[in-house]
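Quick heads-up: it's one chain on its own, the form predicted alone, in structure tokens.
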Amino acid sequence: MKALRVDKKKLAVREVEKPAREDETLVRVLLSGICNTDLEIARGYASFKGTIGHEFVGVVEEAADASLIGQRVVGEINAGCGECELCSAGDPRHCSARTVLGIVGRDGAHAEFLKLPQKNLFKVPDMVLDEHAVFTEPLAAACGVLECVETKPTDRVAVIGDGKLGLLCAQVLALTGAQVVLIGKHAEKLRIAERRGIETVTTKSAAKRKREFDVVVEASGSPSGFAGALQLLRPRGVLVLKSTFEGKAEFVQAPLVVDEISIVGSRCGRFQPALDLLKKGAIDIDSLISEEYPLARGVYGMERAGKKGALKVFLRP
């Protein structure tokens, strides 16, 4: 089968063995989405070697449960050991022995086939388009912010970054009734949020709004986003970090102590809340789609996804 693979920062579409199902479920990929994390992995983040990609929708080809065969599914990307305390509690996201689809120890979704444990798979509601279903994983990550911080209608919340994740976070947080402001650099992307009734400001203008926000979500994918977020927070505010990147973020520590700022990392979220939002049509997904390419042109697709102004780029096997 064809797969988009990275080895020592070199990207290529290669012919590899179709994965053997063994004790997992084999899924034929219908569509996959290129994420900023994929771009960072290609630059060396996580030191991953193998097939990249973790956003997908597919059809079950082989499974221990015959009723699953032919079902359209998406898949939770963290596969735990199944035995530790975290896995036993139903949350393998921090299992110390976990593999992560296309990121840690497990070939990913930019391929014709992938495999995952059956318990990782979620059926896609019939009314949800393939192009929308691909967004389940990043939308779940946006919903994951609400696992880290509880917002109230009186809260002022800023989201830094007008890329795909920032736009999803802003939309999810706005549904809670909080007063959300999206901060970004691209007028055409900010307009996507504006059409949903979300206030937007440019990065330059946001510099004038110091110490205004109770919660700041940093989703810019840039090392500079951390320092900018700290300037926006009120004393005892909460900074939620969503960005992952290859590089170091530099900041002055003193304001964290003086203003008693809480910092929370937020990575993966639960899939069911995301699927529920997609089923309701509560999130503007269509505006977040840029382009689609065949998997055979995966390297070019990655280049396009890394261009300024790009949103979601799909690969279709």
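Remember, it's a predicted structure, so these values are computed and weren't measured experimentally. Sequential numbering from 1, following the sequence displayed.
Same protein, other form: the form predicted in complex with another copy of the chain, not shown, and the subject of what follows.
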{"query": "Every residue of 17, 307 and 314 near another copy of the chain in the model of the complex, heavy atom within 4.5 Å", "finding": "no"}
{"query": "Candidate stretches 167 to 175, 183 to 191, 229 to 237, 199 to 207 - the one whose heavy atoms come within 4.5 Å of another copy of the chain in the model of the complex", "finding": "229 to 237"}
{"query": "Residue 28, heavy atom within 4.5 angstroms of another copy of the chain in the model of the complex", "finding": "no"}
{"query": "Interface membership of residue 259, another copy of the chain in the model of the complex, 4.5 Å heavy atom rule", "finding": "yes"}
{"query": "Partner contact for residue 265 in the model of the complex: another copy of the chain, 4.5 angstroms, heavy atom", "finding": "yes"}
{"query": "Touches another copy of the chain in the model of the complex: residue 136 (any heavy atom, 4.5 Å)", "finding": "no"}
{"query": "Partner-contacting position among 132, 72, 93, 115 - heavy atom within 4.5 Å of another copy of the chain in the model of the complex", "finding": "93"}
